[in-house]
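Starting off, we have a lone chain in the form predicted alone, written out as structure tokens.
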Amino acid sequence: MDRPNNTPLVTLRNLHKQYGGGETVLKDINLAVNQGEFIGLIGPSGCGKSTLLKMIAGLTPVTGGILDIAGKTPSDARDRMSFIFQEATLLPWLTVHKNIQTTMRLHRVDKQECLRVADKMATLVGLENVKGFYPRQLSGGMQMRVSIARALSISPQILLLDEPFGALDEMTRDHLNEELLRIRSIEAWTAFFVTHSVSEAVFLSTEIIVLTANPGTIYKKIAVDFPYPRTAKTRESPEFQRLVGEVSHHLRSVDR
């Protein structure tokens, strides 16, 4: 069911995470995210960025507070979400085409529909000419494209990305950033994106959340107003460089 225009798609209110009786990982996280937003999450190592994604995905339970996804709990809203991890996590014995189908198979999608959607997704991410290749025959960037295609195959409303381009060289990362935004303009999902790259966060996001560590709390929310589509020229603009500097300053402040 569609949400009213003034109702956030994802609401985090006084969210708290603690593992057992140990250290508090996240504390008093308050965030309202509307449909179509792209939220960049940055902060020092250990500040709980990945834990926050896993809580939204329902992969780890909430200790306290409220986490509402379109009126549902994370566990009940799992069919609305896809998760892209730091590694492509492809099955080495399956081709590109069959790897794209794996999530649909788990959702018991009809075989013919799986084939149709896998063809569509392969074309969407620019892999239509290597559908019969195996992961070992692909570059790191191409493997990540397969992972993106697999995640998008179930038409998620929310896409959770845990530093998916961190292991790639800068040129490949920049290109995939542009591709990701191109796909988003077509698929129109809402994104939560964890990264350690300030430039990447500024390029992709509609809003950047800077987290502190020990425990993880929200230090700063920074709106990114650059219009879409964003291109290589966006990165060259003085406004882009100014915002990268501003976000970097806040990040240094919480990392002292």
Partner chain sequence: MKKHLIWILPTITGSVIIGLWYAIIVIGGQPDYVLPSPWQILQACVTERHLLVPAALRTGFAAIVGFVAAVGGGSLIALLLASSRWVKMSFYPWVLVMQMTPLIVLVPIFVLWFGEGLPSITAITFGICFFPVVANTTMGLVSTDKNLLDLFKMSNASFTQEFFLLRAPYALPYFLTGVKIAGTLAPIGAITGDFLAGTASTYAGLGYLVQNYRSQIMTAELFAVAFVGCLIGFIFVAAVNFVHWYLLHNWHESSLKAEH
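Numbering follows the first chain given and starts at 1. Because the structure is predicted, anything quoted here is derived from the model rather than measured.
The form predicted in complex with the partner chain exists for this protein as well; it is not shown, and the discussion that follows is about that form.
**Student:** Counting any non-hydrogen atom inside 4.5 Å, which residue from 175, 131, 182, 78 sits next to the partner chain in the predicted complex?
**Tutor:** Of the listed residues, the single hit is 78.
**Student:** Should residue 150 be classed as touching the partner chain in the predicted complex when contacts are defined as heavy atoms within 4.5 Å?
**Tutor:** Heavy-atom contact with the partner chain at 4.5 Å: present for residue 150.
**Student:** Flag residue 87 as yes or no: does it have a non-hydrogen atom within 4.5 angstroms of any non-hydrogen atom of the partner chain in the predicted complex?
**Tutor:** Judged by the heavy-atom cut-off of 4.5 Å, residue 87 is in contact with the partner chain in the predicted complex.
**Student:** Does the 4.5 Å heavy atom contact test between residue 220 and the partner chain in the predicted complex come out positive?
**Tutor:** So residue 220 does not count as contacting the partner chain.
**Student:** Flag residue 167 as yes or no: does it have a non-hydrogen atom within 4.5 angstroms of any non-hydrogen atom of the partner chain in the predicted complex?
**Tutor:** No, no contact at 4.5 Å.
**Student:** Among 186 to 194, 37 to 45, 50 to 58, 220 to 228, mark the stretch whose residues have heavy atoms within 4.5 Å of the partner chain in the predicted complex.
**Tutor:** That would be stretch 50 to 58.
**Student:** Suppose contact means any heavy atom within 4.5 Å; which members of 89 to 118 contact the partner chain in the predicted complex?
**Tutor:** Contacting residues: 89, 90, 91, 92, 93, 102, 103, 105, 106, 107, 108.
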